[in-house]
Ligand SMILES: NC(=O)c1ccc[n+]([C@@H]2O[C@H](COP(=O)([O-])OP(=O)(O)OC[C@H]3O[C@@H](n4cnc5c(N)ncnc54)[C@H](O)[C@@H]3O)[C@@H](O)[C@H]2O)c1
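Single chain ahead, written as structure tokens, the form predicted on its own.
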Amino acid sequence: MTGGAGFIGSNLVLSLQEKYPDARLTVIDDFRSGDFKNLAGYTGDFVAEDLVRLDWERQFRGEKFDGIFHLASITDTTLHDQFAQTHDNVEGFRRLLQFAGPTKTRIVYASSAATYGNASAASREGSGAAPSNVYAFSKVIMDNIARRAAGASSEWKLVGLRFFNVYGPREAHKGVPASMVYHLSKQMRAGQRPRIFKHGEQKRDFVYVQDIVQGCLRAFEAEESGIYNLGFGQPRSFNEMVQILNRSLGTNLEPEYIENPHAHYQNFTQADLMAVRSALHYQPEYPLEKGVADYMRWLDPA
């Protein structure tokens, strides 16, 4: 797995370890957006490498993989270095495809809901791409080359997953790019009023990381190549988020409304789940209330 020390990657690799205790797992990560602490309890191998420079053939010397989860990328959407973002995300993926192509090794990779840009209704996989930042653009290009590769070989299974607004355990190391759930809960647990953009009616499809893990595992068993949304399928407002956090934390803090400094901001996200339910039998199990409650228990087990 690439990016296995990151937020989603570490949750996935630990779930794989539990589900397949006899499997030989290898994580590849350069720690730019990961942390070794996320892999507490991990018993597999680890390769510290930058994917843009990794010589796959030399590193693995003919080893055969049952499949590769590719979650590594520059994930900070506020990074505006167009070359760095596009080069690292796209070329790292291209090198992986070149390695996996001859053996037709199955790949499940992370795309993003950011490819849809500013939407006002539920996003479907057939919708045209409308990236509003370079991170989203890099994911669009990854989707393009994955489609081309899959179209050239029906034997090769390539599954892209467009993650929506993911939150949950093992994301704290991300700092600013960590989820709104994490940042607001941190403020509220310190007794501070949660700061949200005016007037709190922006809506996001918040999805708990355990649902994302389920979707990744189902994608690994996919019978056909494809690109699918992974979200909960229900947009919830920032004001609702504050109310849910208050209930989970036993607080009663009113939001502090602030100006939104971001010129390009997704005020609405919602995943249309029709395709992923049909193709992968994905069924999210954590509505926001359940996911937040579980997450708060993980953050403060006492």
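Quantities reported herein were computed from a predicted structural model and do not represent experimental measurements. We number the residues from 1 along the sequence you see.
The protein also exists as the form predicted together with the named molecule; that form is not presented, and the subsequent description refers to it.
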Worksheet item: At the 4.5 Å heavy atom threshold, is residue 225 in contact with the named molecule in the model of the complex?
Response: no
Worksheet entry | residue 174 within 4.5 Å of the named molecule in the model of the complex, heavy atoms | yes
Worksheet item: Looking at the partner-bound form in the model of the complex, is residue 235 within 4.5 Å of the named molecule by any heavy atom?
Response: no
Worksheet item: residue 57 near the named molecule in the model of the complex, any heavy atom under 4.5 Å?
Response: no
Discussion item. Does the named molecule, in the model of the complex, lie within 4.5 angstroms of each residue among 5, 8 and 51, using heavy atoms as the measure?
Written reply: yes
Response to the item:
In this chain shown alone, the residue from 165, 187, 105, 86 with a heavy atom within 4.5 Å of the named molecule in the model of the complex is 165
Worksheet item: So which of 123, 214, 111, 202 gets a non-hydrogen atom within 4.5 Å of the named molecule in the model of the complex?
Response: 111
Worksheet item: in the model of the complex, which of the stretches 248 to 256, 58 to 66, 28 to 36, 271 to 279 has residues with heavy atoms within 4.5 Å of the named molecule?
Response: 28 to 36
Fill in: Any residue of 136 to 157 that, in the model of the complex, places a heavy atom within 4.5 Å of the named molecule
139
